[in-house]
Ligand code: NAI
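Take a look at this single chain, the form predicted on its own, given in structure tokens.
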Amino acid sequence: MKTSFPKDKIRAVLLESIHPAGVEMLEREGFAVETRKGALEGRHLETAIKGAHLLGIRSKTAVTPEVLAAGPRLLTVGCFCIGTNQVALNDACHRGVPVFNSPFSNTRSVAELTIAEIVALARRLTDKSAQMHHGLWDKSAEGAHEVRGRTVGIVGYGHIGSQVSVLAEAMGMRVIFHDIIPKLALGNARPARSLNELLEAADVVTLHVPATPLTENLIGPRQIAKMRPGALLINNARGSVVDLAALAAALKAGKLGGAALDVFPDEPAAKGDPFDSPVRGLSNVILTPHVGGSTEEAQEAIAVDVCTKLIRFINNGSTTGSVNVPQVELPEQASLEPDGDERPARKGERLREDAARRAAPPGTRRHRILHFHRNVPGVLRQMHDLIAGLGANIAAEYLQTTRDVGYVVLDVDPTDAGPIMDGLKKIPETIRVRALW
């Protein structure tokens, strides 16, 4: 007789110092949690995830096809950050491994850093601070300006860009923005007709776009040439967005008044590793080590958000929020007790009920079947015929598909899941099948 996998046997491996709030959530669910401070690479990562059911990472761990192949038990991957380009998403999809991230939880932290950098560059605070540390007192106002009345151009008007818009306008700045898709302007912000129009009009240009082929070197020599003399450039988005050699040349020539960079094309893997860049050493440049979302508040919010999604998938099969598999939103799983009464399974009771449920006769259980399969005609018919042939009833069915992969969830009762699982595994199109009860 086959049943749900015991929770205390579910192994979660969390890398890169995931916030303790996430660790606590997974431990409360009864999972066995292993944490590590830094990122892992290659064979070290492959060894770490052997036998793991859940992998949690941030931006420095590369989950390649080889890594995925080394973790045959891996059920899901959590990216405790915004980006997911460090994971081989298509390979994970075709293994039935949903990948979850947290696209909104650090929005405020990045927006606040951007505003702080605008003020710091406009007032030349880093120069003044460095001079003071070297024992030099220079009270001159030369090159220092208020931001009130200045124009900030926001490239990418998504969650972070729109937050920057609100904060900048509250400080008296004029706001223009450019996005490749139409966006609702907040407050008095107005859209620019093109990127070039924005570059020509803005005193400050701040970038909030993803890393895609379209945004690679989005700001290069031609774009910098169109910017206003003395303009400021801020990149808290992705390191591939700015041509750093061109930026360094413009700063040294006095074309631009300053820059702030939190992201770089090549970033050190661990604390203490050496860092170099064409703009390192320039006095009018603020450099930070990819800390835009690194506040206690943001990291806690990210941990809670991602772990909530991971727990929901493991406990009831919901893939809402996944970036690589069909998204299926599922209700709390109902269970049939031996007396036949149906009720929702309460989260707080699950660990206490595990032993009792395993002891219940097979014919009194409702099972939830989670089935990833290749999206070709006839798969559902095969599943329905199998279940009907075993004399079971499908109480509920949920299905979503992408071009290549389908994800169907069946609530089946009353039955022993064993024969159903064995039959589903024999369907040629099956990628992965799991049972919950």
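Being a predicted model, the structure only gives us computed values, none of them experimental. Just count from 1 along the sequence shown to find any residue number.
Omitted here: the form predicted together with the ligand. The next part is about that form.
Trainee: Answer for residue 183 alone: is it within 4.5 Å of the ligand in the predicted bound form, judged on heavy atom distances?
Mentor: Although the ligand is absent here, residue 183 would touch it in the predicted bound form, with heavy atoms inside 4.5 Å.
Trainee: Using a 4.5 angstroms cut-off on non-hydrogen atoms, would residue 202 count as touching the ligand in the predicted bound form?
Mentor: No.
Trainee: Even though the partner isn't displayed, in the predicted bound form is residue 214 close enough to the ligand, meaning a heavy atom within 4.5 Å?
Mentor: Taking the distances in the predicted bound form, the answer for residue 214 is yes, it comes within 4.5 Å of the ligand.
Trainee: Would you please decide whether residue 237 lies within 4.5 angstroms of the ligand in the predicted bound form, comparing each non-hydrogen atom pair?
Mentor: Yes, contact at 4.5 Å.
Trainee: Within 4.5 angstroms, counting heavy atoms, which one of the listed stretches 141-149, 157-165, 317-325, 85-93 is next to the ligand in the predicted bound form?
Mentor: Selected range: 157-165.
Trainee: With the partner absent here, would 309, 331 and 435 each sit within 4.5 Å of the ligand in the predicted bound form, counting heavy atoms only?
Mentor: Contact check failed for every one of 309, 331 and 435.
Trainee: Which residue, 258, 71, 293, 153, has a heavy atom that falls within 4.5 Å of the ligand in the predicted bound form?
Mentor: After the contact test, the surviving option is 293.
Trainee: Could you tell me which one of 304, 244, 263, 251 places a heavy atom within 4.5 Å of the ligand in the predicted bound form?
Mentor: Contact with the ligand in the predicted bound form is made by 263 alone.
Trainee: Which of the residues spanning 88-112 lie within 4.5 Å of the ligand in the predicted bound form, based on heavy atoms?
Mentor: 106, 110, in sequence order.
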